[in-house]
Every structure is written in structure tokens, then in C-alpha cells.
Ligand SMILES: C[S@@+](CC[C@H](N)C(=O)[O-])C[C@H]1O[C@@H](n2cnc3c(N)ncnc32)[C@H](O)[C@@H]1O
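A single chain comes next, written as C-alpha cells; it is the form predicted alone.
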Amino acid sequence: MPKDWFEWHDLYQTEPRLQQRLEIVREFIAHSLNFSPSGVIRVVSVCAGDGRDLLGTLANHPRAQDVHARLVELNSQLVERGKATIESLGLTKQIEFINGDATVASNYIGAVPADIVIVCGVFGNLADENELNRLLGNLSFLSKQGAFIIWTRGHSNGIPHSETVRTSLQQAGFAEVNFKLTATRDMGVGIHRYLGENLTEPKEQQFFVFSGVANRAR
């Protein structure tokens, strides 16, 4: 079992369900880029890991030069690996990696409201549905009206947790664009659009509490 999130990311080399999930996430990021208006595309990634979802998409996407992004991640090793990838892509002037707490509003100041918000690997690490709804409510600070929201949620013990997320997103003012399960049928990936108004100030300084640990990741 991985002892920390840096080791957990190495599971992408061996775990088919994670590989399949990443493929779908990149597909949805590419869709978001394709359908964003001309000009600058602002992206934020919450609990970004090493940024392989966004950076892997930009490596071959025609609108890579339009993207201005902020990725926020607490694990310093993952941040360093992500920064190395950004440098290899020649995108250091457009993409910044913040080594900080993704639950705190101040780490997004200056980068929001965004056209694309990535919250992958987050919902399964919240304590309960109340915490999920709290985070969804705070996405109105990160998101422009019409922003694409890309998310993931694993299933466990036969419970389709992604269905709870889809319902909660609809109730919180997000319209579903697409949803797919991995071939292993135990990980869901969704893309929604935010229909509400952007908030110029965050509802709370802490958006949510990340309660997951790497050896129990869902």
C-alpha cells in the first residue's frame, strides 16, 4: 500500500482503473478546451497531484498556448515533478504550480474565476455528503458562469457514489455535459457546466476538509 500521495501516483503505472480514469479525464479536459471561447483559457486544478491530467492533455492540444493555469497541491514532491513537466512543455510563463493547501481560498486569488475547474481525486476524500455540498457551494468562487467542472468519484462496496455526486451537482446549479464509467465500472468521471453567477468573494476561507489518506484512497 502507498505510504503517501507521491507513492500513490505511481499506481498509475500498474492500475488499469486509474489509467482508464486518467484517459477519460483528459478527454473531458480536451473537450473543455475545444469549446472554450477564443483567447485566454483560465484553468484551476484543486488537489492537482503532479498535474498529469491537465499537462498530459496540453502536450498535444492545439490550444495549449491559450491556457493560463494554477495548480494547487500540498505534496512538495508531486509539485516538483509537475513543475519539471511544465518546463519540458515550454509553458512556465502560463502555468504555475502552488505548493500549498488546496482547501484554502487564498491559494486561488488572482487565478479565478476560471473557465475550467478540475476537482479530480477530491470527492472520494471528503468525510460525508455535507462536506461534498459545502465544496460544491464554494465552487461558485472558482468558476465563471458557464465554466466546465471536471470531477471523479470512485465506487466501493457496490455503492455507486458517483450517482450521489451527479445529483448533488444538479441541485447546486451545474448542468451535466457528459459522464462515463471506467471499463472496470468502479470509477466515474463527469463534466458539468456551472450555471450560476461567479462570487467575487469566497463564501468561506476554507472550501472543504480533505480527510483522505493515500493507503485508503477511494
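Numbers follow the displayed sequence, beginning with 1. From a predicted model like this one, the values you see are computed outputs, not experimental measurements.
Just so it is clear, the following notes concern the form predicted together with the ligand, a form of the same protein that is not shown.
Using a 4.5 Å cut-off to the ligand in the model of the complex, not one of 55, 85 and 95 places a heavy atom inside that distance.
The stretch from 142 to 150, 85 to 93, 100 to 108, 127 to 135 that comes within 4.5 Å of the ligand in the model of the complex, counting heavy atoms only, is 100 to 108. The ligand is not drawn, but in the model of the complex it has no heavy atom within 4.5 Å of residue 115. Interface residue remark: residue 77 is not counted as part of the site for the ligand in the model of the complex, having no heavy atom within 4.5 Å. Remark: residue 49 counts among the residues lining the ligand in the model of the complex, judged by a heavy atom distance of 4.5 Å or less. Although the partner is absent here, residue 9 is a contact residue: one of its heavy atoms lies within 4.5 angstroms of the ligand in the model of the complex. Shown here without the ligand, the chain has only 21 in 15 to 44 lying with a heavy atom within 4.5 Å of that partner in the model of the complex.
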